[in-house]
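Take a look at this one chain, the form predicted alone, written out in structure tokens.
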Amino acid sequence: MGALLDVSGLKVNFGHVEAVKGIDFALNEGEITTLVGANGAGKSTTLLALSGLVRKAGGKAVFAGHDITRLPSHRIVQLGLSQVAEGRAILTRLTVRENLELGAYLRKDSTAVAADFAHVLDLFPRLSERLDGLAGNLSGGEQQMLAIGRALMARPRVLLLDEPSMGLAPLIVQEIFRILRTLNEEGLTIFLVEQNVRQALRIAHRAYVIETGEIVLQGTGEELLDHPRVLEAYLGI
């Protein structure tokens, strides 16, 4: 399987600060790729640049043969990249059902949308019990499930996830990662940005470590789990 998304020389500036310094990476179709690093290393900025939510200062991104470098975010979603934002960004005053339906707002294939809606509820049975309740009344873990479910309603080819474990209890984190593995086994390509280095590397086929806006290590998830620099800097060993 070849690269579904190929990124070269990606740069992002905030004023005079170079937040991402010309990085290269690729996502292979059908794999989980993770970008790990400390807080402030440039992980979230990289995802936002891919989604068209922050401006790229340089570089190129090609997704499934389309140059998406300068495309607006709604066109990027239409092509098949959906992002689950850090902090979940659900619409708390809408119901669970309305949040999920919003995920499919660019789609016209009502039969397929209904099938995807049913699939999301199969993946996240807790949501089916709360469909007509306000999203703001969900627990943190349930809100994260809703955020992932809403992104899936766009039927993406690549799911971009920004810190899905943030602020969640360990048991809920395990559940979220189990579901990500299930989605990947169903064929979904996943790009995971995560501070929980151990969990991310355990499920990743390919991994990159970013420090102060630069990629400093890359390899398989298994290789980086055993890498001395990762063990010392991120796993406290």
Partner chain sequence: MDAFLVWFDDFWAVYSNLILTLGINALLALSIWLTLACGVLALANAAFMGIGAYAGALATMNYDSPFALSLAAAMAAPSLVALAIGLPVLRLGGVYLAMATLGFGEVVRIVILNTDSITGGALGLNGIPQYTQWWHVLLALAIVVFVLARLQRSRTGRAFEAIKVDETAASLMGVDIRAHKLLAFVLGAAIAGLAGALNAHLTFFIGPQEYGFDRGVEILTMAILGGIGSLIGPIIGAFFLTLLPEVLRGLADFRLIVNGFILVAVVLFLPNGLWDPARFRHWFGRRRS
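Positions refer to the first chain, counted from 1. Bear in mind the structure is a predicted one, so any value in this text is a computation, not a measurement.
The form predicted in complex with the partner chain is left out here; the points below concern that form.
Of the listed positions (71, 120, 158, 85), a single one reaches within 4.5 angstroms of the partner chain by any non-hydrogen atom in the predicted bound form, namely 85. The listed set 51, 184, 199, 44 contains one residue whose heavy atoms approach the partner chain in the predicted bound form to within 4.5 Å, identified as 51. Exactly one of the stretches 96-104, 110-118, 123-131, 163-171 approaches the partner chain in the predicted bound form with heavy atoms within 4.5 Å, and it is 96-104. Put simply, residue 92 is close to the partner chain in the predicted bound form: some heavy atom of it is within 4.5 Å. Taking the partner from the other structure, the partner chain in the predicted bound form has no heavy atom within 4.5 Å of any heavy atom of residue 138. Within 4.5 angstroms of the partner chain in the predicted bound form, the stretch 139-161 places a non-hydrogen atom from 150 alone.
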